[in-house]
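Next up is one chain by itself, shown in structure tokens, the form predicted on its own.
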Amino acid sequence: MKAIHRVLMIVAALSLGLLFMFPMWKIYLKAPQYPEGLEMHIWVNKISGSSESVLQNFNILNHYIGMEPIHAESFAELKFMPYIVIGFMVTGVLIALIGKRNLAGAWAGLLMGAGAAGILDFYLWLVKFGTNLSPEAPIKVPGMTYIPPLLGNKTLLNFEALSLPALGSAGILLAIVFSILAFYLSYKSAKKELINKPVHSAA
């Protein structure tokens, strides 16, 4: 890998730092009780809201329809995901220093796999909370579930839910794009050098 390819790989690794600076995902909820809307933020290591009372208000609404309260402590993923991200950042920089093209490609592939696994885990989390309802809920509608959307808008009774990626997710996207660029451009460069390499005929 040439210097420019190594720089791209370092940028890819450091892009993941956005996950610690911004939320990965946002869920907006609009209800008659909260016409201004509630905004929950899902980070790589915590769950928060646009204000201190948001999570409490989310849990008040969840109580009425029988959903479990949302607490960061309930999710083991939030405890080990930061270490996975840091692991990708460190190995990404090391790959840039080593300069092996195939390692850059493998890193990009593993990151895409980890991202897909994270989205699947998030979806299963939504399904669990939307279907595992308490029989003692004040509001019960036979056959009704409350699975928030993974992406986009969804109406749940008189609630409007909207789920969208946040700025932290851009870190993953940038890391994938820059690492693939580093791999591809390094491959093209090596191929060009091989084609232009002079062939010495035997005397």
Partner chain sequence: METLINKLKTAAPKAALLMALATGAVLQSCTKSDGGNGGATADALSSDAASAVYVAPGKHDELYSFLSGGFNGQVSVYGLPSGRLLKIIPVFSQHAENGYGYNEETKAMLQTSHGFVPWDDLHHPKLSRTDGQTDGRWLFVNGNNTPRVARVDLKTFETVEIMEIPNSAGNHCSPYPTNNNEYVIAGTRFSVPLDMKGSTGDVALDKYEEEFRGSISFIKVDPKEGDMELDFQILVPGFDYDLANGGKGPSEDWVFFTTYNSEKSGTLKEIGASQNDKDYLAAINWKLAAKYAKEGKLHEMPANYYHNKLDKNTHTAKSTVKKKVRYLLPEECPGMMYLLPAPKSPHGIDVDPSGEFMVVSGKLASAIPVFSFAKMQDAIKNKQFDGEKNGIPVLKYESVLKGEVKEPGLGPLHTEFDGKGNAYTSMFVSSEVVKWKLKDLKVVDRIPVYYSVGHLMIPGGDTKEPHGKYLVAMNKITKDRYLPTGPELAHSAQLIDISGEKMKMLLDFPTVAEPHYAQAIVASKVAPNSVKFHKLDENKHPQAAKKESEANVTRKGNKVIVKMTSIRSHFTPDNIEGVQVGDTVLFHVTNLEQDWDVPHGFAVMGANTAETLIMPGATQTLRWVPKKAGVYPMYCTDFCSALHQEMQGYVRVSPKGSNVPIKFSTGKKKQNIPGVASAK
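Residue numbers count along the first chain shown, from 1. Quick caveat: nothing in here was measured; it's all calculated off a predicted structure.
Keep in mind that the form predicted together with its partner chain is missing from the display, and what follows is about it.
The candidate site formed by G17, T91 and I98 is entirely out of contact with its partner chain in the predicted bound form, as no residue has a non-hydrogen atom within 4.5 angstroms of it. Using a 4.5 angstroms threshold between heavy atoms, M144 stays clear of its partner chain in the predicted bound form.
Under a 4.5 angstroms non-hydrogen atom cutoff, its partner chain in the predicted bound form has H63 among its neighbouring residues.
Its partner chain is not drawn, but in the predicted bound form it has a heavy atom within 4.5 Å of P138. In the predicted bound form, at least one heavy atom of S53 sits within 4.5 Å of a heavy atom of its partner chain. Looking at 160-168, 55-63, 173-181, 146-154, the stretch with residues near its partner chain in the predicted bound form, meaning non-hydrogen atoms within 4.5 angstroms, turns out to be 55-63. Along 74-101, a non-hydrogen atom within 4.5 Å of its partner chain in the predicted bound form is carried by no residue at all.
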